[in-house]
Ligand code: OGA
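Heads up, the chain below is alone and in the form predicted alone; it's given as structure tokens.
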């Protein structure tokens, strides 16, 4: 039955700009009718009680629950509904004698409608990725002004959005100093430190402890696949570019290559998703010795079958291979197919001084053409890493801020009319 009460008036008569009503359904759920003609919204009572926003249940400044779950009753029931016309809230009294207030906007934003949940996941949680072939690189690769990214939140947001969706973006016009990657990282959040420090310089070095610090061709790879928690986004600032032939960057969308395998070579796809590989790195940096190992398949999936990361580095696989003997040759054949497809689909281009190449290190494979290194024709790239947790956090803050500013501007414009 409909619960009808509002300081002596029925909820059916309540007007919050538009008519609103609510009722208890199946003794445990609450159905809210936002306005006449709108589709009603149904909320589980146990979820509403768990999300009570009152001071006794919720710590406002930390946005955290204070509920004692040792005593939480999962069979809690709403016993009475009211509404506050001025505050535009639905008020619920529960079977445990507690009272909760839920703003209509708060309820709309958290609707259990499939469409609303899909919007939240797409627009706020994490933007869906768009996979691309090498032939599409010029179409999908967004270019941004370094100065505008540093000065304007809207441009910063669009850069991070491009990274999230396509996995790559290029910044132009950066100063030619070594502090660019740190300033850019701190504009987002903070640098991810690794074995090789916070900022690192990619240039030919005698006695190099890392394959990247040679002038030889650098095969397609993902950085640091031997870390359990890998750096997410690579920032490469071109300070000096060799004038000799070579030195071009190569990029390929690893998720696109996985798509091809899944479609055309399902056995290879399954094997590269299933077989654990020992990725490793042995050496020293700044007087510290290290021996990093992490076991993971080439293609990593979540429980829904979506890609979470790609691991790939021909040079940095351990000689230990802990698989059944009969799995060895089939895995090599599947991996060789993956590598050949990636090479064939890669896109090559050469960054220029002042360019900052940013890309998703756990999705894109990157490499470099060999080049002649000399005093007359040096190459000097400064790099750093960011983590997706930090990027997504910043992106959400920016979206909320810019959305709020837009709403405020609209309200101001309406008020002036």
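Numbering follows the first chain given and starts at 1. Bear in mind that the values here come from a model prediction, so they are computed numbers and not experimental data.
Below, we refer to the form predicted together with ligand OGA, which is not included among the displayed structures.
Only one of 81, 218, 104, 164 comes within 4.5 Å of ligand OGA in the model of the complex through a heavy atom, and that residue is 218.
Among the residues 89, 199, 223, 345, the one placing a heavy atom within 4.5 Å of ligand OGA in the model of the complex is 223. Contact check for residue 368: a heavy atom falls within 4.5 Å of ligand OGA in the model of the complex. Using a 4.5 angstroms threshold between heavy atoms, residue 236 counts as touching ligand OGA in the model of the complex.
Ligand OGA in the model of the complex is not approached by residue 129, whose heavy atoms all lie more than 4.5 angstroms from it. By the criterion of a heavy atom within 4.5 Å, residue 49 is excluded from the residues contacting ligand OGA in the model of the complex. Stretch-level contact check against ligand OGA in the model of the complex with heavy atoms at 4.5 Å: of 360-368, 23-31, 65-73, 387-395, the positive one is 360-368.
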